[in-house]
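Encoded as structure tokens, the following chain is the form predicted alone, with no partner shown.
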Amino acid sequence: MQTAVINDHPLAYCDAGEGIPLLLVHGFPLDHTIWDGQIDPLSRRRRVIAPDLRGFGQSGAADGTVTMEQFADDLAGLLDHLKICEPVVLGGLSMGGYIALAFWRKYAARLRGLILCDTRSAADTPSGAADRETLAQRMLAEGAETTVELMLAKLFAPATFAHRPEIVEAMQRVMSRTNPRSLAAAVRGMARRPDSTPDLPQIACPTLLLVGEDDALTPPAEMRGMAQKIPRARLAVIPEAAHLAPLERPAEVNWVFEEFMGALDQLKKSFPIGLKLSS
């Protein structure tokens, strides 16, 4: 891991490989290690950059509210720091997907493609936003274990709990050591995010949507609805995976990522129909 000061904040990141950059953005309340199954295999053929978002992992703690736009600005600042001027493929999972959509709204010219994993385009309802504020207050009062208690069971598929308990335990450790102030700041930022659904038809770059078959937080049906609104989009449904599909089923996810990235490598004007993805 390397560290740079981005927008006056220390940001840790992994940077491996060469070629068209693939920038991978983790979800809440985790860090770049959700992409452990992608960084090494994919960096053999391209450049893979996986930061710890402001407040998470090895990056400095955050306070107050961190909006999805601020996270997006940090990503743009990181690309500037790395002197990456060419368009990148940006992949985001869950909250990382919210950030990817915020990045698209502000920095569309810097995108070669989008990968939206286990996420949604809709904003919180007023009651949902109020619930997030209540959660933020609990986190500040009770610590990170509140997050573990509320979220861990929702992140993984039954097959993962049964056959890969080591990754469940690893993510539990990641959540437990995250600063509660950073958790609360991100929760408040998610509550303030706009509804991106009306914007989806305006996304011009090739877009891949990927979701775990057992994802109860952002179900396949919801992501299928997103895919139908985005021109040149395709949806991949990953079996025996839930909300952390890239971590749970890395081989399957990497195959889909490589098919998508391979098509972009050819600089085709339209999204190819040869991918074995769900419509």
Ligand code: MLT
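Please read all numbers here as calculations on a predicted model, not as lab measurements. The numbering used is simple: start at 1 and walk along the sequence shown.
Here the subject shifts to the form predicted in complex with this ligand, a form of this protein not shown in this document.
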item	value
This ligand in the predicted bound form reached by all of Leu22, Leu82 and Arg110, non-hydrogen atom within 4.5 Å	no
Segment that reaches this ligand in the predicted bound form - one of 22 to 30, 228 to 236, 58 to 66, 35 to 43, heavy atoms within 4.5 Å	22 to 30
Arg54: touches this ligand in the predicted bound form, heavy atom cutoff 4.5 angstroms	no
This ligand contact in the predicted bound form: His243, any heavy atom under 4.5 Å	yes
Met190, heavy atom within 4.5 angstroms of this ligand in the predicted bound form	yes
Any non-hydrogen atom of Met151 within 4.5 angstroms of this ligand in the predicted bound form	yes
Candidate from Arg105, Arg132, Arg164, Arg138 lying within 4.5 Å of this ligand in the predicted bound form - any heavy atom	Arg132
Interface residue in the predicted bound form among Leu200, Met175, Met95, Leu114, criterion: non-hydrogen atom within 4.5 angstroms of this ligand	Met95
In the predicted bound form: members of 32 to 48 within 4.5 Å of this ligand, any heavy atom	none
